[in-house]
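Listed next as structure tokens is one chain, alone, in the form predicted alone.
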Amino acid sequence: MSFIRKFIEQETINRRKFLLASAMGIGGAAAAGAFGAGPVRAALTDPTIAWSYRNRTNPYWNEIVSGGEAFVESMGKPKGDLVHLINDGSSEKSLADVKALLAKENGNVALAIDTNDAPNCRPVVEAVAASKGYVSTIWNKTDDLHPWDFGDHYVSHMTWSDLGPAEQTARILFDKMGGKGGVVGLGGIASNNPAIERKQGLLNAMKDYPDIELLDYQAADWDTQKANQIMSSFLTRFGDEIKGVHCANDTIGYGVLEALRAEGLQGVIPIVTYDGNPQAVELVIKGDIEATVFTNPHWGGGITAALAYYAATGLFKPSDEPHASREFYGPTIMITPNDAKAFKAEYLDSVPTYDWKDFWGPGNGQIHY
């Protein structure tokens, strides 16, 4: 469990640095000037490739960005050519940094981004479209926002269908609990699409388990430290009523496991998580986690950048593509102790080589609302 303690310590250091920088008025790319629109162009020449994301201390986002770097390297460029817009979970910083980069590059940008929450997606897309740049998004957008409403400049949106997998992890948890007892849930940022769906998956599974009681469900904001604090408070409030824990992602699970370890309950109270990070897979193999769900972030990070770049440079025209190619689900794989070693060997011990022009190969079809 030492890596969990180190992970929590590193999150504390990074958060302090971010808050100090904010207090001093240091906004990175956000310190740039006006956000004017660029000239109309049919295709961009050598556009700046950028990824806007939370931060790399989170293993999931590290894999996303590693995929973006792999795509950049596939074109014979150094991975350092990828521009990193790190928002540390701030939608305001996310938007400001995007606008600043667009102004700096006069719209000559191919942007891959998770906008941090759904409402922030529209202003980001509008800013990119106004500057004649190109953007592909993942995870978070509102249901009324669609790429085809912005011509070619909003290239694509990819998310993952979390309802089914989250329901499946809940069923695995409930079965481990013997089909009865109290469960607590720790979710992501309340306005995030995956947080909403993963909570709903838990609630859907409960319909078939009348002897399962949801004691409480709280947003841990995808944060290990916050999850650790919430789980500690759950243990104080509910004690031995807690028979299982449903976590919205792996990093939340790390905080939960540390809280259980502190009370001598590691291995006593089962937990399930989501994302399939390498550390979480190791914990599944050891039996500390009952299940996690892999969303192939390496492929997701690379293909999102590839879509934006190749649309920008004219390899394909997004508006010629069907809706299913512009809003689509990414892949998911359930990982349990029965198959965790085989999964690790195939996906983690050596990262598969992907064809970054096979935009929709591993996808799971058009998004349904």
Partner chain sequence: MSQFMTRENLQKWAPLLVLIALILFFSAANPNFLSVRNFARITMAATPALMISLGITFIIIMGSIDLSMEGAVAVCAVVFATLFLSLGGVLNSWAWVALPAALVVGSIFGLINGLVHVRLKIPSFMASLSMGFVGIGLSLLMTGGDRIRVEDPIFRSLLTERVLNFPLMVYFAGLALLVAWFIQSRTRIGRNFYAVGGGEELAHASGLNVNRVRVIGFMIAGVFYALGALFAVARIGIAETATGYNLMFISITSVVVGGTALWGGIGGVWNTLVGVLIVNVIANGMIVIGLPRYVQDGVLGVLVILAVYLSTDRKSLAFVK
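Numbering follows the first chain given and starts at 1. Since we're looking at a predicted model, the values are computed, not measured.
Below, we refer to the form predicted in complex with the partner chain, which is not included among the displayed structures.
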Exercise. Is there a heavy atom of Glu197 no more than 4.5 Å from a heavy atom of the partner chain in the predicted complex?
Worked result: no
Exercise. Is Leu235 close enough to touch the partner chain in the predicted complex, meaning at least one heavy atom pair within 4.5 Å?
Worked result: yes
Exercise. How about Val293: is it within 4.5 Å of the partner chain in the predicted complex, going by heavy atoms?
Worked result: no
Problem set entry | Touches the partner chain in the predicted complex: Gln229 (any heavy atom, 4.5 Å) | yes
Exercise. Does the trio Ser136, Asn140 and Asp355 actually contact the partner chain in the predicted complex, every residue with a heavy atom within 4.5 Å?
Worked result: no
Exercise. Just one of Asp152, Glu105, Asp221, Glu167 has a heavy atom within 4.5 Å of the partner chain in the predicted complex. Which one?
Worked result: Asp221
Exercise. Of Asn192, Ser90, Gln279, Ser161, which residue is found within 4.5 angstroms of the partner chain in the predicted complex when only non-hydrogen atoms are counted?
Worked result: Gln279
For this session: Choose one stretch from 200-208, 260-268, 174-182, 105-113: the one whose residues place a heavy atom within 4.5 angstroms of the partner chain in the predicted complex.
Result: 260-268
Exercise. Taking the partner chain in the predicted complex, which residues along 43-63 bring a heavy atom to within 4.5 Å of it?
Worked result: Arg56, Thr57, Pro59, Asn62
